[in-house]
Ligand SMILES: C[S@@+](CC[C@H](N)C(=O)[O-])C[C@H]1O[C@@H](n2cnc3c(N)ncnc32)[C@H](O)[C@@H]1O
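Encoded as structure tokens, the following chain is the form predicted on its own, with no partner shown.
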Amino acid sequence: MTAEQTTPKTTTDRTLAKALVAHWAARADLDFIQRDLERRGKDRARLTVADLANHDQLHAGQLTATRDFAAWVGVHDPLRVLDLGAGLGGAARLLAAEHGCPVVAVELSAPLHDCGAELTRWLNLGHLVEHRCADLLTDTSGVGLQAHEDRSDFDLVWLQHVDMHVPDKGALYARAASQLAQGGRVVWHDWLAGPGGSPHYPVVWSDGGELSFLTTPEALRADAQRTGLTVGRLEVITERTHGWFSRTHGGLRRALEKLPDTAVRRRKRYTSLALRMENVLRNLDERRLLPFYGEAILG
């Protein structure tokens, strides 16, 4: 699928939804995760969020970035958190395990949802993390994401590397706002369009740009404002993101050199990821991508 073949407008468009599920489906591999844990000598009865970080933190910076982002946001117990586009639930489990937050983790992809729910069971965090499989914009049947008049459900809506997949920003921000208690916050750790032009592809989240819908800082503020959200803080974090990609890319290259010829699956995965990281680094250098933290308050 190419950007020219389809121009989806919402996540409910079948073409886009199917493409998103297919793009990330390989990460929902419990057998692969289990084998990796065994290879590293990890006991499933004593797992921590750090033990799973290479697999379930599906965003730039992985575990370090999630911890840094949580500190930037000021997450603390007992914030009620709605994680939209939760992936495998890595961020949700971190917020629960390290901050005591009850989290509802909503994910469009059934494979990611199912795998994430099992990982939550492995860490015995089911009392704090609730997984729901649904379209984060429109599907309300059975998931409890209807708008409520008292807006008393959540203190925080967590958007970590989901904004770039959603073409209709206004609909996303309206849904987020509808779930907040008055004075609640929407927070972003994501990518913005930079002044350097269209990004080079493939990148980690899109092969050819067909799954990438980047907005500018100005457009984000305007779209949020129309839904009753006021964007206060917005911080571009290019330096720290570039550093993480550089270190990780170097590690991947060294790992590839040491892989035995029999490790066909890992070699294929590492090679593809290394190419995507090279393009991200080039995009950062040329200011085609702007990684950022952002915060908006309702009311």
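This is a predicted model, so every value here is computed, not measured. Numbering starts at 1 and follows the sequence shown.
Just so it is clear, the following notes concern the form predicted in complex with this ligand, a form of the same protein that is not shown.
- When contacts are judged by a 4.5 Å heavy atom cut-off, Leu52 does not count as touching this ligand in the predicted bound form.
- Shown alone here, His161 lies within 4.5 Å of this ligand in the predicted bound form, counting heavy atoms only.
- The closest heavy atom approach of Gly116 to this ligand in the predicted bound form falls outside 4.5 Å.
- In the predicted bound form, Arg67 stays away from this ligand, with no heavy atom inside 4.5 Å.
- Note that among 52 to 60, 269 to 277, 28 to 36, 236 to 244, the stretch whose heavy atoms approach this ligand to within 4.5 Å in the predicted bound form is 52 to 60.
- When this ligand is considered in the predicted bound form, only one residue from Leu136, Val103, Val157, Ala224 comes within 4.5 Å through any heavy atom, namely Leu136.
- When this ligand is considered in the predicted bound form, only one residue from Leu95, Val129, Leu108, Ala176 comes within 4.5 Å through any heavy atom, namely Leu108.
- Along 17 to 49, a non-hydrogen atom within 4.5 Å of this ligand in the predicted bound form is carried by Leu20, Trp24, in order along the sequence.
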